[in-house]
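Take a look at this single chain, the form predicted alone, given in structure tokens.
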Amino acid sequence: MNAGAILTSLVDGLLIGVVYGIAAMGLNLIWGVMRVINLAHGALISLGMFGVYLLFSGLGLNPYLALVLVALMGLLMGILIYAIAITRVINAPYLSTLLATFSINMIVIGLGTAAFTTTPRDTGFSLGNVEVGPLTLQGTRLIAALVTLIVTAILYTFLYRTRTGKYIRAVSNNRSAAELMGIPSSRILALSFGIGTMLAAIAGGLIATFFSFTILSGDVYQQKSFIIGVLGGLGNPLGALVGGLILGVLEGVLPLAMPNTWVPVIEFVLFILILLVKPSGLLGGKK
């Protein structure tokens, strides 16, 4: 094992980890604002994958242009899911929202399996490799990381520099007080859920440009999102990016020293250790 291979694996892991981060960001945002654990998160990631795939293979649309439409689809679908399934149980015990989102997950997977089967799909899209000194990196992963950083910057600007973003943070901190100040909490909650599902769809669309997938693939990335959420701090959307980088590095470097089958085991051991030692995550809780 030479230094070039280790460095390539490390950088490759960081690039993938950034994309993992944006998937977890959506999950963290929804939890941070409305205290809902979205078990439909994985199914929405899968829909993002198929959205980009169908627009690219069926209509010949560039995957990154298709991603804009997929993001809009994710936003609208999230708002619709909130209006149909979440708003009625938002103030109920956590188990009610878990069951509501799990039901959405099963509906999406059931319909998706009927429509697409579970045969693996691949966009077949490539931007070639990029040579940077001793590194050989996939162009699609570089662009995916760049898109993720741009989306993260836009999200940060939206949350901290716009009135609607301040409303979201106010509802997150104290919904009752926000309502007393005239903030329409119902609309803010619906928008927050929509943004969370939009981020899931974007992550799925980006992943589809360099990994094969099925309608069931989202479950794997949902599990990773939970691990990342605990690493970065549940309720801290931007902390998810740091958690994603940590997980990406692990997935990039660990296979050099052990079989791939051990990587998920190490990840979940880390997940349990963080819960035991620092339950609020490495970067603390909600910001």
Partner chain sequence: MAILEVRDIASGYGEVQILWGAHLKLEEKKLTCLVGGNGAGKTTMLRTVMGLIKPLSGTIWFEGKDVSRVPAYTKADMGLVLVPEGRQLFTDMSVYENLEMGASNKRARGKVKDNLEKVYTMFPRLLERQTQKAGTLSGGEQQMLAVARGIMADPIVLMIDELSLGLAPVLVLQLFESLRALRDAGITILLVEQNVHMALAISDYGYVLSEGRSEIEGPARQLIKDKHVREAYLGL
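Residue numbers count along the first chain shown, from 1. The model shown is predicted, which means the values in this text are computed figures rather than measured ones.
Another form, the form predicted in complex with its partner chain, is not on view; read the next lines as being about it.
At 4.5 angstroms, heavy atoms only, are 160, 170 and 177 all close to its partner chain in the model of the complex?
Yes: each residue has a heavy atom within 4.5 Å of the partner.
Is it the case that residue 181, even though its partner is missing from this view, gets within 4.5 Å of its partner chain in the model of the complex, heavy atoms only?
The answer is yes: residue 181 has a heavy atom within 4.5 Å of its partner chain.
Just one of 126-134, 160-168, 199-207, 145-153 has residues with a heavy atom within 4.5 Å of its partner chain in the model of the complex, so point it out.
Only one stretch passes the 4.5 Å heavy-atom test: 160-168.
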